[in-house]
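Given as structure tokens, the chain that follows is alone and in the form predicted on its own.
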Amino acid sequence: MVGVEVVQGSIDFPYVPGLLSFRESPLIIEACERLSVTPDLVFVDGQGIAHPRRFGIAAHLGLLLDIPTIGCAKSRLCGTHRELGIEAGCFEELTDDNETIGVALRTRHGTMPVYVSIGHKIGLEEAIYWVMKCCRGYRLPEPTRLAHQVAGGNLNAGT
């Protein structure tokens, strides 16, 4: 089941790299509170613990909503990884200061990887599983792909 809620409002926090959750979380939480069904899992286009402070927007939202969250970002905020294979499903650990903070994951043959990290109430292996399960032939998982479409004005994308 897919639920869609669109919230418009002003953003009071300035853009500061690494502090995305303080800028975007209030409106995201408002949208989540309007949903008729509580999600079992939330995908966030951003970082979980793969963040310099180990507390990106996916971790922040998961904690505030008390829902399992996965950070699935299109770019890397911190950490390094080895070269990964070209096939869908290939991944390499993303590490920072000798700590595994996520993975670089190729979700589709030959595309750029996404960066998966745990947000809240989920393990890394399970997060990788759900990202791959929800990609459905695209680079991004269906929930974040549909959210991008709705945010771009396609209000019928999630229904």
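The structure presented is a predicted model; accordingly, all values stated were derived computationally and were not measured. Throughout, we count residues from 1 along the sequence that is shown.
Not on display, but discussed next: the form predicted together with the DNA.
The closest non-hydrogen atom of residue 57 lies within 4.5 Å of the DNA in the model of the complex.
Interface residue remark: residue 76 is counted as part of the site for the DNA in the model of the complex, having a heavy atom within 4.5 Å. At a distance threshold of 4.5 angstroms between non-hydrogen atoms, residue 62 is out of contact with the DNA in the model of the complex. In the model of the complex, none of the heavy atoms of residue 136 sits within 4.5 Å of a heavy atom of the DNA.
Proximity to the DNA in the model of the complex, taken as heavy atoms within 4.5 Å, picks out 23 to 31 from the listed stretches 119 to 127, 23 to 31, 62 to 70, 87 to 95.
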